[in-house]
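Read the single chain below, which is given as structure tokens and is the form predicted on its own.
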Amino acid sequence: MTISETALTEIKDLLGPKGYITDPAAKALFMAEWRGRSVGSSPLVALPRSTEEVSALVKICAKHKIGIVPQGGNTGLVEGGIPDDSNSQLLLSLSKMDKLVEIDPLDYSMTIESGMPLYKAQEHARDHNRLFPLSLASEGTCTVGGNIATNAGGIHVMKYGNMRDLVLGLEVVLANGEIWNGLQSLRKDNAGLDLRNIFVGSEGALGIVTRATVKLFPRPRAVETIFVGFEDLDKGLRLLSKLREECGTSLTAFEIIPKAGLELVLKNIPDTRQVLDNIYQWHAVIECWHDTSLNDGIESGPLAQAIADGFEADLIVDAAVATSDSQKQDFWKLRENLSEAQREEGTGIKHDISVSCAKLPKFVAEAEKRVLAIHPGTRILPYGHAGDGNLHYDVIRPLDMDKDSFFALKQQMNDAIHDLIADMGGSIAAEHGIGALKADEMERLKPAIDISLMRTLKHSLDPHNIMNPNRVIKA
């Protein structure tokens, strides 16, 4: 059912001429998934400028039973932030709600509107000699509200946790238009149920986050960054265990790159360079952030010493220590451009999985067997956040295979990977969310009682299914 002219008139009157977009060309920027894999439609893009406008807008939509799709930076990978193609859902962009509300350096907290780009939140913290540690490849575009909606992870989860661990309080507009003000900076509050965490990771299916209070941290006094090569993933995980023992909580990142991935980055991304003498089966970018200065210099720091011990234990075969910011950037370019490097190779089937760290070598070996049994010659790239058990497991089309034939194998590939993950007690959505793309698959793999509890919560908070309908939790 399309949105009525009566409802559209009410929405336009509420937001004013600068508060919405109807021009097809201008709307198109909000309707397409950023990789171009799906395109939705909506008669109008709403651009509210305050929580009160969001509340009034939701009340109009509730009255007319209009589905609302909230959108942050439109960097999602599971089709959770674009409408379907029915032209019956309203796209609500939070891009105009991007202000700093308050920052309290003494309390190590900051309150911001949810449309603020992640890099801006990082800059505001830096301006007050504080750190907001969430860091993603899309941080120049993604928004803090979107990070909250998907419980984003990134490269610093080992030390600082997922987005859920960084949120102190939220302001949320509920499905009836009421505003729940849960903004606070308390580190301890056991007065009743934890309402905040109901909304973190809910992808807008339970309410629209409009403001958030987040944790800040001291800025590191010293940073050690090392790029290593090793020939066996099991040895890489044993190295990770040794680093945890020797570096403790200063260990901030352990990001793995397979041989095929490094070759693609060097081939397809300008201004990248090989930092070790050879390309090995596996590589890792490892980083420690220290609260105190390293008096004896980076090359004698705890991480460098732990890496030396890794050589002695025959866990690694080569390493390079970054002694300048430009060298650190060179190391991180090889990790952060892995996704972009694949775009030059054509169609890929992507997975965002997690298992316990100890099971990663077994998963990688078994998954490769299953994928190659479906189509020999398929290129496989398992990479990413090995320090917290989260891999991006990408299956890339062989160069001699056409796109349509490869995509015809997508369901088989997904079933092979996801069934293995279920057997290993892992997750098919480690940090990208469920959205529309994985909603059916989650219902297939999650225990029935889990789905029942989620649906009960959804129906209680959103009885008319207007909040991001059929994303995450299907009504």
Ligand SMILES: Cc1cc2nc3c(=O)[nH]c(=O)nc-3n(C[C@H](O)[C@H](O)[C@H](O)COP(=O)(O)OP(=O)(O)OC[C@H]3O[C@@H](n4cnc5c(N)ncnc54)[C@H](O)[C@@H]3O)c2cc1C
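From a predicted model like this one, the values you see are computed outputs, not experimental measurements. From 1 onward, residues are counted along the sequence shown.
What comes next is about the form predicted together with the named molecule, which does not appear here.
query: Does the named molecule come within 4.5 Å of any heavy atom of E53 in the model of the complex?
result: No, E53 is distant from the partner.
- prompt: Within a 4.5 Å heavy atom cut-off, is E203 in contact with the named molecule in the model of the complex?
  reply: The answer is yes: E203 has a heavy atom within 4.5 Å of the named molecule.
Interface membership of W34, the named molecule in the model of the complex, 4.5 Å heavy atom rule: Yes.
- prompt: How about P48: is it within 4.5 Å of the named molecule in the model of the complex, going by heavy atoms?
  reply: Contact check for P48: no, nothing within 4.5 Å of the named molecule in the model of the complex.
field: Joint contact, S38, S42 and G67 to the named molecule in the model of the complex, by non-hydrogen atom at 4.5 Å
entry: No, the whole trio is out of contact, none within 4.5 Å by any heavy atom.
task: Report the stretch among 265-273, 137-145, 236-244, 98-106 that approaches the named molecule in the model of the complex to within 4.5 Å, counting heavy atoms only.
output: Residues of 137-145 come within 4.5 Å of the partner.
field: Contact residue in the model of the complex, chosen from P133, G389, G73, P382 - any heavy atom within 4.5 Å of the named molecule
entry: If I apply the 4.5 Å criterion carefully, the residue I get is G73.
field: Residue among V395, I208, I286, I112 with a heavy atom within 4.5 Å of the named molecule in the model of the complex
entry: Looking at V395, I208, I286, I112 one by one, just I208 meets the 4.5 Å heavy-atom criterion.
- prompt: Does anything in 407-446 come within 4.5 Å of the named molecule in the model of the complex by heavy atoms, and if so which residues, in order?
  reply: Contacts from 407-446: E431, H432.
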